[in-house]
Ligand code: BGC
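First, one chain by itself: the form predicted on its own, in structure tokens.
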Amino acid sequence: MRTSLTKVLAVGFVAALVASGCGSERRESGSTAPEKGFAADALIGVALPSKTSENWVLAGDLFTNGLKDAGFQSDVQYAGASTTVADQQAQITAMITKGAKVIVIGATDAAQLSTQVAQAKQSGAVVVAYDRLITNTPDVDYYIAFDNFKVGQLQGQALLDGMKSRKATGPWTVELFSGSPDDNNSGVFFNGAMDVLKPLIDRGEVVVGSGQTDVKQTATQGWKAENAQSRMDSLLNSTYAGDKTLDGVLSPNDTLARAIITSIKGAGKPIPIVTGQDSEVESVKSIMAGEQYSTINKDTRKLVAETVNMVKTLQAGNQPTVNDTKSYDNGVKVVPAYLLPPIIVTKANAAEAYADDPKLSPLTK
């Protein structure tokens, strides 16, 4: 299913490229390491989005310490909370000026970094897209992330499993939420979930009460909790007045899941099955308390460690390991990817899933 997904995602990208006269850009997979590597104490730039989740905050600390321990200099920057795209564009440009040999980018807006990425490549730097694929550019060398289409599939299946645990047969009434439209992952998560849910929607076994099934209708600008809570408030008022039952809500991450639950509790309604992602502390507590149903364990420690390993390999002048060379088409090229496996977490397996996590393990006792 992944190949067909990326073909669908690429259609819009290609149309835009053709319209701008760039439709002939290369689309092959493959990237190269610097032939002779670079100095062992070279500067490595890390450009991250604003601190919208615990995992982004953790990632910055892990990159700072991990790169230092590996012998590199580092420049780790977060985009600001307001003009985030402009902030990140300026930060990447500054990293290029400082001579960064590798620039790792967790994009604030996947489609608005092509100029900076091209400048990075012209300077001789290697560009690594971290967690979020950068689109519409041939100048991304590698993509490293958890398997985000699989994340969506796990969320869709968890929604079904949770609803079935309460009511063995449908129809089940649900609402769908997706992430910020400027984050390429939002569509990947949503399409992964719909890969599981759409066949049941088509058969009438799952009913979207509001009728809002398009990713644009379900989007949550900026991944902001207040935007999700406001939309859930509106849905409750317009669609779930009186005794109408809501069986489940597809939430793409934990921050939004908690906001959705807050809205539902505020309306005096029973909490339905609500999915999530990121294993945030408050959501793990919520899962153990029987409110939020599920989250996804995407261990940021492992993702940052693999990224630092990639930098070390590049420093030695070698090709980094990738395990996917056909799935992630950014509209101009297929970006070689290293994907880590996500893990679905519910109350039933939380203790096992977080057994080696000193922060989360105590919450599951």
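What you see is a predicted model, and the numbers here were worked out from it, not measured in a lab. Residue numbers run from 1 along the displayed sequence.
Below, we refer to the form predicted in complex with ligand BGC, which is not included among the displayed structures.
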query: Distance check, Asn253 to ligand BGC in the predicted complex, heavy atom within 4.5 Å; finding: yes
query: Any non-hydrogen atom of Glu175 within 4.5 angstroms of ligand BGC in the predicted complex; finding: no
query: Partner proximity in the predicted complex: Lys298 to ligand BGC, non-hydrogen atom cutoff 4.5 Å; finding: yes
query: Proximity of Phe149 to ligand BGC in the predicted complex, heavy atoms at 4.5 Å; finding: no
query: Which of 231-239, 266-274, 193-201, 129-137 lines the interface with ligand BGC in the predicted complex (heavy atom within 4.5 Å); finding: 129-137
query: Of Tyr142, Tyr78, Phe72, Trp223, the one that lies within 4.5 Å of ligand BGC in the predicted complex (heavy atoms); finding: Trp223
query: Among the candidates Asp182, Asp87, Asp278, Asp247, the residue which, in the predicted complex, approaches ligand BGC to within 4.5 Å (heavy atoms); finding: Asp278
